[in-house]
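Have a look below at one chain only, the form predicted on its own, in structure tokens format.
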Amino acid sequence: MLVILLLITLLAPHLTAYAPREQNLRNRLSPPTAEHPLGTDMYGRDLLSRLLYGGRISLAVGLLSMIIAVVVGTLVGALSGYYGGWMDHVLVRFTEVVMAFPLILLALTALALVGSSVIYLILIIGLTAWPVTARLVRGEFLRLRNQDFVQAARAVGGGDGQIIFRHLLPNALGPMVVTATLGVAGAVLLEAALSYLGIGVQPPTPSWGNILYEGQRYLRAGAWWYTVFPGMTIFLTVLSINLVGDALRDSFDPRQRL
């Protein structure tokens, strides 16, 4: 399911004959037809085209923001778990302060201050979603840092950087991959929520969230396709990512192989 969703968004120009901003006011709010399989929106734009191109933005925000979150969280967690002491205390307190605020509240405040754009959206989600990864990496480093292979690496003259990146980090990679995968689903949902609230991706650039917001205004007018199809797209995407994350978690869990 996830592979299909990724492919159809990447191949969007070959799957639809309409540009996502191409208007036809004579054909506004048209139900699904052979010409427009998912109907049209309030400006007569093809909804299938807008969902496909909007998927590029929504998925890109989810993937890129989670890459930023994983990089920042890994650095914070690795330094905290490896060195311990005052550094661990300071970084743990800072992580807890960030986690004390709801993620959507932090994103709302930041976007209100710097303005709405896709780049800002990616950076803000990435720079507010890292504490989960940081706590996970810290826990793994605390568990691994006194293992025999780490002591052996120190004994042969391995530096801190070598031990962290060549010995400890690869052994913590499994849980990190699972957390990052599940985090992508959360980032896609957060982008949709922010765009729905009007401070994420701004029209006429399509994203699943702002298409859903536009459609809910015409739901009572009978334009059910305007909200059902964006909602189902978000649902299927998040479901497929979560299923992949659950499968990865099971495959990396040694208890599942007993």
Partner chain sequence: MTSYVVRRLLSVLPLMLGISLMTFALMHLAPGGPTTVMLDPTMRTEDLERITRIYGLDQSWPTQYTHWLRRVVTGNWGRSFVDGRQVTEKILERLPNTLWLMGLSLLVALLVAVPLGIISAVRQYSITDHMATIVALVGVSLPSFWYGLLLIMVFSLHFNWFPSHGMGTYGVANWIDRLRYLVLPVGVLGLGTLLATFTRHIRASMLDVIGNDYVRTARAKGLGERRVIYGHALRNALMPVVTVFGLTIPALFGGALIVENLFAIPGMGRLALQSALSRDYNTLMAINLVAAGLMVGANVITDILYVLIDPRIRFD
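Positions refer to the first chain, counted from 1. Note that the structure is predicted; figures quoted are calculated from it, not measured.
Here the subject shifts to the form predicted together with the partner chain, a form of this protein not shown in this document.
Peer 1: Find out whether any non-hydrogen atom of residue 93 is located within 4.5 angstroms of the partner chain in the model of the complex, and reply yes or no.
Peer 2: Yes - in the model of the complex, heavy atoms of residue 93 and the partner chain come within 4.5 Å of each other.
Peer 1: Find out whether any non-hydrogen atom of residue 32 is located within 4.5 angstroms of the partner chain in the model of the complex, and reply yes or no.
Peer 2: Answer no; every heavy atom of residue 32 is more than 4.5 Å from the partner chain in the model of the complex.
Peer 1: Are any of the heavy atoms in residue 250 no more than 4.5 Å from a heavy atom of the partner chain in the model of the complex?
Peer 2: Answer no; every heavy atom of residue 250 is more than 4.5 Å from the partner chain in the model of the complex.
Peer 1: Do residue 147 and the partner chain share at least one heavy atom pair within 4.5 Å in the model of the complex?
Peer 2: Judged by the heavy-atom cut-off of 4.5 Å, residue 147 is well away from the partner chain in the model of the complex.
Peer 1: Within 4.5 angstroms, counting heavy atoms, which one of the listed stretches 107-115, 69-77, 160-168, 139-147 is next to the partner chain in the model of the complex?
Peer 2: The contacting stretch is 107-115.
Peer 1: Check, residue by residue, if 49, 187 and 204 all come within 4.5 Å of the partner chain in the model of the complex, counting heavy atoms only.
Peer 2: Answer is no for this spot.
Peer 1: Exactly one residue in 173, 155, 100, 87 has a non-hydrogen atom within 4.5 Å of the partner chain in the model of the complex; which is it?
Peer 2: Exactly one listed residue reaches within 4.5 Å, namely 100.
Peer 1: Using a 4.5 Å cut-off on heavy atoms, what residues in 223-246 are near the partner chain in the model of the complex?
Peer 2: Residues within 4.5 Å: 224, 227, 228, 231, 232, 234, 235, 238, 239, 242, 243, 246.
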